[in-house]
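In the block that follows, a single chain appears as structure tokens, in the form predicted on its own.
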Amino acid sequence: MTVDERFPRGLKEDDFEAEEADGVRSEIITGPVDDWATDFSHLEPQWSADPYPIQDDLRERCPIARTERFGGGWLPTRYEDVTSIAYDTERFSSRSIVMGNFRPPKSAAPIGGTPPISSDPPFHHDARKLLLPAFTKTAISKQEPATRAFCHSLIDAFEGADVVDAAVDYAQHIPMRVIANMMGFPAEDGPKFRVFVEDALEGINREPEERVERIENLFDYLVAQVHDHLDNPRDDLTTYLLNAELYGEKLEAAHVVGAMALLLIAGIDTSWSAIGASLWHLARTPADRERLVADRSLLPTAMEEFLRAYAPVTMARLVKDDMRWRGVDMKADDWILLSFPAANRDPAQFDRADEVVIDREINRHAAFGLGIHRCVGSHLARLELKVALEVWLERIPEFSLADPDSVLWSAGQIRGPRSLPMRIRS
């Protein structure tokens, strides 16, 4: 198949969504939660602001919570249960990893819309293997000099300011610039990326027509980038995907653009959230901030602890067939909200699980996921977090929350500060 056959000039997002008509939409349900054990929702403000007391309560009295929202789903809160589901590809499908009011048809498996994260075995193994060379520790290390220089430039722009928004003015820009460089996208398109992230991950309960329109904007952008790369070849991840082969054939258009969507969305929001949450913690915990400023050798263990305590990512699975699982009756196509943050706070797995211990030595956290879908970009996320914190602590060793009540956290399955006013001068 030629390039023009795979990517005709009229190719639009609709070409990737032909199966959506066969999917299942459920009623949009919003509003306060009366009992999190029987009516949980990860979109409610109480959950966004502080989910940990809710998760702790559920873990004690109802470790696998139920909701009828989103067409029905389950929320396990014990590390043991989250791990078991993450590794069980026989009974749980990854064909949709964002829990909302639409389920893709079963025919979407094993590839899914954003391979490999939406893929089931056996296809998943081969699709993931394609991406691994670009995300090795050695390959990712090449991003460090430019990332460090960019972080310094962001802080240079704070000159004269007493208060800055550490999420809006710092954290969000770092992964957006890094992923733009890696994908070969224009650096000035960062504001578009933020909108794409919010549409994909926080707008899941919008009316179907509006949601489809917003997702179309993302795919139209990616298709335009594909054609730009075809017209102007260069050495980046987009060109790599265009030239990659699977089973002796070039990747289909849907695979290329779906993987691009995954790298763009997942590559931005997770790191943005981890950087912001870490700075939030240090701003409200002077003792930890002072220790890290005085002893930078603590940063590697502190980073892992921030990832454990404030893990940004929750994934979703779909139950394949009716079954009874650990005392509850699950139905085919029930959602499973796979909360890695809840697993990371399980006292059966971690000593002093509800505390942030920046010199914690043993820390087998699940912030990057578990099982076959463990984050392929973990080296990149760690690099971005390390450089972002090193530069901030070097340039701004003293800082605090300007107004703790004005900190705003994102809703949905990626949790991180979206507004983080920080006082950087006394």
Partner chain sequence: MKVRIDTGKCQGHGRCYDLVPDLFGEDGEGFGQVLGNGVVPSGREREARLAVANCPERAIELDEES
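Residue numbers count along the first chain shown, from 1. Quick caveat, the model's predicted, so the values are computed rather than measured.
The same protein also exists as the form predicted in complex with its partner chain; that form is not shown, yet it is the one meant from here on.
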Of the candidate stretches 148-156, 125-133, 310-318, 210-218, the one with residues having heavy atoms within 4.5 Å of its partner chain in the model of the complex is 125-133
Check whether V387 has any heavy atom within 4.5 Å of a heavy atom of its partner chain in the model of the complex, and answer yes or no.
no
Give a yes or no for T285: in the model of the complex, does one of its heavy atoms lie within 4.5 Å of a heavy atom belonging to its partner chain?
no
Verify the contact flag for N205: yes if a non-hydrogen atom of it lies within 4.5 Å of a non-hydrogen atom of its partner chain in the model of the complex, no if not.
no
When the contact criterion is heavy atoms within 4.5 Å, does G369 count as touching its partner chain in the model of the complex?
yes
Would you kindly say which of F196, F185, W325, Y79 lies with a heavy atom within 4.5 Å of its partner chain in the model of the complex?
Y79
Find the only residue in R69, R59, H42, H365 having a heavy atom within 4.5 Å of its partner chain in the model of the complex.
H365
Output flag, Q349, E361 and H379 jointly within 4.5 Å of its partner chain in the model of the complex, heavy atom basis
yes
Going by its partner chain in the model of the complex, which residues of 183-222 come within 4.5 Å of it through any heavy atom?
none
